[in-house]
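Presented as structure tokens, the chain that follows is alone, the form predicted on its own.
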């Protein structure tokens, strides 16, 4: 294990069961993450963490290791769920019952303004903003229903995270950190009909306390050459990559000129109405990285087109930002 993994947690399953092994193998396959097995243990690697199962006579130990404390909590939540699905309970060495869910920070909405005709910019302030500037470009915004007091997800004694349900269920949308500084971060909301987040930003956001979870999602591609394809919903993430990627970057975007702003004058940026066709028409070398984010249908077709051309899965990031 890497030396940077300084946070650990251990649990015990009080029976030696092939069900636990089968459950972990099934989850690794579903998540498409590495799994290693030998006579002494079974280990799954995910999110830069490790979950290890080791038999001890009539019981199994569950050992977790991660580079961050929040990832330990997230992995413990997932492990508890994985084994509960096959009727097994894990007795963890320590659970901070009642604490906010791992990776959840409470922030205050400091400002809301129109960025472009199609986007609203929101600024959040809080003590934990620095954590959301590395390790992933995205976070999950948690909003209570209008007229309800927020009930935040908290750690249960079992190690699972309990989420509010029914009338208190939180709206959970994913956004990109668009800009940041000491004690603050900005994100941009694409205006569209039927969006709870747009309604919230327009009517009741300013001064409100909100929850954000993360960071997560993808990081900035580091390949020598990167090809970006996306629609308006992907524009904030594409802006980040264009600004931060260390290699050569080109971007093909389906968005209005008004929403593109300064990117409309960027020689690396091109417009296209059909993003899937644009992927097929772009000269992409086998070692290049392809980043694509648009509708679920477009993302599915783009993935198929790239795989048909022999592009390796490890060299692409294809995401459905809406359906």
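Residue numbers count along the first chain shown, from 1. If you're wondering where the values come from, they're calculated on a predicted model, not measured in any experiment.
Beyond the structure shown, there is the form predicted in complex with a small molecule, which is absent from this document and is the topic of what follows.
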{"property": "Contact check for 252, 309 and 311 against the small molecule in the model of the complex, heavy atom at 4.5 Å", "result": "no"}
{"property": "The small molecule in the model of the complex: contacting segment from 90-98, 244-252, 187-195, 154-162, heavy atom within 4.5 Å", "result": "187-195"}
{"property": "173, 206, 106, 130 - the one with a heavy atom within 4.5 Å of the small molecule in the model of the complex", "result": "173"}
{"property": "Partner proximity in the model of the complex: residue 233 to the small molecule, non-hydrogen atom cutoff 4.5 Å", "result": "yes"}
{"property": "Partner contact for residue 7 in the model of the complex: the small molecule, 4.5 angstroms, heavy atom", "result": "no"}
{"property": "The small molecule contact at residue 138 in the model of the complex, heavy atom, 4.5 Å", "result": "yes"}
{"property": "Partner proximity in the model of the complex: residue 183 to the small molecule, non-hydrogen atom cutoff 4.5 Å", "result": "no"}
